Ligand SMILES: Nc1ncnc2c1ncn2[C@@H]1O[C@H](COP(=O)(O)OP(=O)(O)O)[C@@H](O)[C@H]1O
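Before any questions on how it binds or moves, here is one chain, the form predicted on its own, in structure tokens.
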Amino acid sequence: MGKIIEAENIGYVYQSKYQKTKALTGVSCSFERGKVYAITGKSGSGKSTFLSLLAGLDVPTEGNLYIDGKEIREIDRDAYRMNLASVIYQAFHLFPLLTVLENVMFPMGLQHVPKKEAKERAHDFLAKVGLPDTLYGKMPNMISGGEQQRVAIARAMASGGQILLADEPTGNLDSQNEAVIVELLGKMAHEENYAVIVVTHNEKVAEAADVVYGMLDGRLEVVRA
């Protein structure tokens, strides 16, 4: 299957004017396509910092992080997020002035996919996440939180990437919608061959993962492989 992300002894230090704060220390792990990974741990343990490095929003201050065999310092990180990795958040981060359909079409527009084709593919992705076409013309604030998160997942699929990074994706959802999102993330890994990496406090989300890592004081350990 092959490792699409590999971390080798990475560390990260936040540098302010007055002090240094070590957020990650000696983190080594790998991620493959076709699996769901959960990263658990208390607030402040380093989970979100690690996710931001995996998303290419910054680079490690120590060690090496390889994306599809290339060191992250040597790749175009904007192109990486546009073409290979997508991030979904607890707060959904949909574009408020675009319709549901337009939100899903957006990444394909950045990739210069013809509008007609992008529209057809957006319909397919929204159908895959179980949203009825009666919602496609609505604005994000006109649909529920669970529906918004499904739009965010459909938009991630539309990017055509191989990596989905999710930061507390069920945090704002009730238990019914939480179960739908957990199932969808599993399908993205097992049926669409994504590497799905979820930062979560939620035990049900972690239980559904194929591999669970735990983060404590900036160090990563395997909880379940």
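Throughout, we count residues from 1 along the sequence that is shown. None of the values given here were measured: they were computed from a predicted structure.
This protein has a second form, the form predicted together with the ligand, left out of what is shown; the following refers to that one.
Residue in contact with the ligand in the predicted complex (any heavy atom within 4.5 Å), chosen from Ser159, Gln162, Ser45, Asn177: Ser45. Looking at Val212, you'd find every heavy atom of it more than 4.5 angstroms from the ligand in the predicted complex. At a distance threshold of 4.5 angstroms between non-hydrogen atoms, Ile10 is out of contact with the ligand in the predicted complex.
Although the partner is absent here, Ala23 sits close enough that one of its heavy atoms falls within 4.5 Å of the ligand in the predicted complex. Heavy atoms within 4.5 Å of the ligand in the predicted complex are found in one stretch of 59-67, 35-43, 169-177, 186-194, which is 35-43. Residues from 49-72 that approach the ligand in the predicted complex with a non-hydrogen atom within 4.5 Å are limited to Thr49.
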